[in-house]
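Next up: just one chain, as structure tokens, the form predicted alone.
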Amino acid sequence: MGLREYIVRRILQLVFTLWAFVTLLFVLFRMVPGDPTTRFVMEYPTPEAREQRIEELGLNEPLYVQYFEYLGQLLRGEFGDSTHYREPVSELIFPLFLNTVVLMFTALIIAYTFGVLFGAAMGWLRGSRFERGGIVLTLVARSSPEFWIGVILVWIFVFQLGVLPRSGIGAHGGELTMNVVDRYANVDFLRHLILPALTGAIYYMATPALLMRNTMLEVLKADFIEIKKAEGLPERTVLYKHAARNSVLPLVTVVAIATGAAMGGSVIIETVFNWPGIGREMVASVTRNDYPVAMAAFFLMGTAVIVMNFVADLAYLYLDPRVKYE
């Protein structure tokens, strides 16, 4: 199988996976207990008014008709109307999704930047106290729940030092209708971003650090490293220009997978810091039976995971020519 055929087959698999995910999502939300019409039909005093409203929303149609209507909405980029907010879900959900993307990408950039450097240093200083202490720290960070890391940071930087805000997205950033540049490009937003982003960074930093250390240990055994040392190059040059550079390739695919996983795991951080993101809204919409919003949130987060895994497959194929097109 050639490269082109492999990519086409992976794209078809991606489409099938998305369709299966959307179908499962639709079925699950039709099976869960609770009446999604309760929120709005209680306002109508008569059974006739209630039936009229249900008919307007298409909830009286057969299930297969609702299913195909749901698929059509997704293809048009629509998610219906929220039964809680009484407005189109797309107008509500995309600003929240963007807040989550900004938060989790910032956390991952910090985690992978410092994780790679820290892992390279651990691999270079194998057998030292620095390596042993670093392994312990990374394992503790990875084993600690995200909410616990967040609470510790709040206690230090908010209640003890008083230098950072406790929660939210900013004095003005909470207005989801604001211009995107005005909402994110200001000092107040950055101050609110520090603690939740740092919480995610600490939690996700262990993976690149440990992977980089293990890869470094393999690369340092290679003959070309000994040759570079014999040529008299400074240790820092051998470390960062030759050893670390050849060790970082496996991390590229891990970044793609971690990005998707981080989007799905943003719920806890957003809840701890009252961050107006899609994860927190997803939980709230489920509890109040606002199924259009909940389904849209699940769809966006699940799609992010599926697409980033697809990107990881292609990146691994590009970076490692030993991979066969199977």
Partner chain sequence: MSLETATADDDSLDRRKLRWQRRLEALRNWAGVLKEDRMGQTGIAILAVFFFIGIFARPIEISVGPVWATVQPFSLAPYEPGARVAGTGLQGPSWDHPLGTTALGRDVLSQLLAATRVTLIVGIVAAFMAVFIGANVGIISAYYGGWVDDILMRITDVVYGVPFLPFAIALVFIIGASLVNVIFAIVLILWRGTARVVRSQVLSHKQRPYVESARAIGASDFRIMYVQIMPNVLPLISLYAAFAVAWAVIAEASLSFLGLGPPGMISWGEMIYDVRSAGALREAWWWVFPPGIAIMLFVMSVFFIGRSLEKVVNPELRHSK
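Owing to the predicted nature of the structure, the values given are computational and were not obtained by experimental measurement. Numbering follows the first chain given and starts at 1.
Below, we turn to the form predicted in complex with the partner chain, even though it does not appear here.
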Counting any heavy atom within 4.5 Å as contact, can you tell me which stretch out of 189-197, 70-78, 137-145, 234-242 lines the partner chain in the predicted complex? 137-145
Answer yes if any heavy atom of V65 is within 4.5 Å of a heavy atom of the partner chain in the predicted complex; otherwise answer no. no
At 4.5 Å between heavy atoms, is W275 in contact with the partner chain in the predicted complex? no
Is I11 close enough to touch the partner chain in the predicted complex, meaning at least one heavy atom pair within 4.5 Å? no
4.5 Å heavy atom contact, Q52 and the partner chain in the predicted complex: no
Those residues of 258-272 which, in the predicted complex, come within 4.5 Å of the partner chain by heavy atom: G264, V267, I268, T271, V272
